[in-house]
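This document starts with one chain, in the form predicted on its own, laid out as structure tokens.
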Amino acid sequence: MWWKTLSVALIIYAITAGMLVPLKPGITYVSPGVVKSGQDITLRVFGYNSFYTKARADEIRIWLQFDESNAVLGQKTAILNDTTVEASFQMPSGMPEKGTFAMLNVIVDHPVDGVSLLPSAVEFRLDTTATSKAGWQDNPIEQLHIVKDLSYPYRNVIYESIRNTYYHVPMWFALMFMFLGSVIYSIRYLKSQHLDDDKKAVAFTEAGLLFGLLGLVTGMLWAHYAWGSAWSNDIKQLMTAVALLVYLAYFILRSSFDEPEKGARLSAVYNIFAFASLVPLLYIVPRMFASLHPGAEGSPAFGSQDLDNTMRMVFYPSIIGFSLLGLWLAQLRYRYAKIQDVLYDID
């Protein structure tokens, strides 16, 4: 059927585009990480996927930004290599507002690479004994070079692992679609008592559980890279494990009955309650606690800051591709169950 070909094509597209499209230039870290008011410093910026040598030193601008209205522009910019550039700063003797310290953003504007930002990169401490003629410039960041090309956004901490977005997250979409199909057929079985509906419910549950395991594994690999540990007892990880155990119990319940009709009837009822618990476990409970997952604190979900238009070109087709693949797998499992029935009848 056409949708099977479409699923394979979309998955191949997601794997190819997800792996080959480069990331935008970014900033990995800067040195020094702590400066004092009134101090003269030379800030060294280390870029990622950057090409600083493709421009003249006087074309590159570097700021230490306090907020949207206050920043200090670096002077005497020097290019050391493609991924390293430095500039000198004379820090103001005070702060734009009350306080003894603040975290400054580092912004690099490059005519070829475009704009790179490292949030909260430098700690600025107030030295009450310091004096400096330098001051904070009002609205100094302007005429930035915005480069529009086919590339993925650079995100600190996750770096190249951002590509896992196209595989890890679609697994959970596919899981939800499979479990939704499963509960629909369980409800149909309770109404019709046709064993074919029960077999389809089982097939969709098996496919959903497979995608859940794949989603958990890809998530653990991502966590190992980004958080330093494959399992950090993050609330989203814990609730995912609980949800998968709930559906694993579905198969244990079925196997505990000798009578197929009785097992099918009780497991269908259980499947309804299992799906009802799925949404709270995966989407409601994790929002009640702080999470390491993307999104605002207490809301581990994707926001507008997590995907750009280039990523959406791969992300949405990947969801469709893996969901159709899940439908295909469920169909194969249903056919296998039908073949088993025929073989047992012959025996």
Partner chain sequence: MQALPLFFTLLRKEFVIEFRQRYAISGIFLYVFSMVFVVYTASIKVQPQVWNILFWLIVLFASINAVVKSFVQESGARQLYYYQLVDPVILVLAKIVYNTILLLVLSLLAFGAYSVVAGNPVKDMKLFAIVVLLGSLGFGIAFTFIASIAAKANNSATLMAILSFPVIIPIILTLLRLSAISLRLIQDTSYKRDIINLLAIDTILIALTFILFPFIWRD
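As the structure is a prediction and not an experimental result, all values here were calculated from the model. Positions refer to the first chain, counted from 1.
Same protein, other form: the form predicted together with the partner chain, not shown, and the subject of what follows.
Using a 4.5 angstroms threshold between heavy atoms, W231 stays clear of the partner chain in the predicted bound form. Proximity of M103 to the partner chain in the predicted bound form falls outside the 4.5 Å heavy atom cutoff.
Contact annotation: R265 falls within 4.5 Å of the partner chain in the predicted bound form, judged by heavy atom distances.
A residue is said to contact a partner when one of its heavy atoms sits within 4.5 Å of a partner heavy atom; F289 meets this definition for the partner chain in the predicted bound form. In terms of contact with the partner chain in the predicted bound form, the residue from S88, S151, S132, Q193 that brings a heavy atom within 4.5 Å is Q193. Among the residues I272, L144, L126, L180, the one placing a heavy atom within 4.5 Å of the partner chain in the predicted bound form is I272. Annotation: in the predicted bound form, residues A201, I320 and L327 none come within 4.5 Å of the partner chain through any heavy atom. Only one of 76 to 84, 172 to 180, 252 to 260, 115 to 123 places residue heavy atoms within 4.5 angstroms of the partner chain in the predicted bound form, namely 252 to 260. Looking at 238 to 253, the residues that come within 4.5 Å of the partner chain in the predicted bound form, counting any heavy atom, are M239, V242, L245, V246, A249, I252, L253.
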